[in-house]
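Take a look at this single chain in structure tokens; it is the form predicted on its own.
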Amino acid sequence: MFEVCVPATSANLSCGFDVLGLTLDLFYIVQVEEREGFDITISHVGEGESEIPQGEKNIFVQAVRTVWKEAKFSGTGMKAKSRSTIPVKRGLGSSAACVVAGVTAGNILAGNPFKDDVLMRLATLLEGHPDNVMPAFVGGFVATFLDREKIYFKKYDFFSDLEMIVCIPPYQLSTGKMRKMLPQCYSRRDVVFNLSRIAHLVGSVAMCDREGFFAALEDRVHEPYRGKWIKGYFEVKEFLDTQGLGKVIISGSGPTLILFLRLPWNSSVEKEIRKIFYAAGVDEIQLKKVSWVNTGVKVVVS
């Protein structure tokens, strides 16, 4: 028996569309027990408990079988129990966490035929892009791209003194739907805008330059379009900018927002943020302080 633990991830970080990702301290944990025969069962509790399939359509199970197929492994019986604190379809990498856990567990059950680079490639092909997958594997702040099925990435430590608040609304948005909201073409001006910001943002993280990081958290590729579907996004953005408190980003494709704050989170700021969401039609908003984590997927053998 063994346990696989995978952290949540926030992709894009504003200007880094499909490129940047950050690992957060919310987790998908699955306990796996090998059994005789070929039957596979999985049960799930926690976030998504009422909506995550508990059979062959489960993303974790599909990822396990993908590894077995690649390894030409005939398979084995498996009993899995998962639990999660990662909200589903909220832009915090819940599906990527399941995929990374699945390819990791599948590889162990098959006798570890593959090294990490193969598992990373398989997980990326399943997920569609590497910005959530790679931080889930290696932890930290990650810049990554896929070229001819090879994953390239650079990992950086993130700021130790930056306050992060996730704003999780009660509604969901699918990644597929939110991708359809984006234009097919962009102006040269907008492309240069984003290229300059992403270069400055990564450099600021590498050099521990907080104000450079704040300055670079602007985007013209996805947030202006996705923001129209996320209640309160533009209002929160204006409030933080006007007060000089920090910046807000859309986590992944949303609807979760992440506040990056210059000063510690306090009750007066929380009250104003809640008022903004309430005025925008969000009666219940979960505001949670989170931290980044420097480790990705972990396996514990019991």
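Quick note: we count residues from 1 along the sequence shown, nothing fancier. Just so it is clear, the model here is predicted, and its values are computed rather than measured.
Another form, the form predicted together with a small molecule, is not on view; read the next lines as being about it.
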Only one of 123-131, 140-148, 153-161, 74-82 sits within 4.5 Å of the small molecule in the predicted complex by heavy atom distance, namely 123-131
Checklist entry - Does Thr175 reach the small molecule in the predicted complex, with heavy atoms at most 4.5 Å apart? => result yes
* State yes or no: in the predicted complex, is some non-hydrogen atom of Phe17 no more than 4.5 angstroms from a non-hydrogen atom of the small molecule? => yes
- request: Although the small molecule is absent from this view, report whether Ala11 comes within 4.5 Å of it in the predicted complex, heavy atoms only.
  value: yes
query = Is Gly252 close enough to touch the small molecule in the predicted complex, meaning at least one heavy atom pair within 4.5 Å?
reply = yes
Contact with the small molecule in the predicted complex, heavy atom within 4.5 Å, among Lys231, Arg226, Arg197, Lys89 goes to Arg226
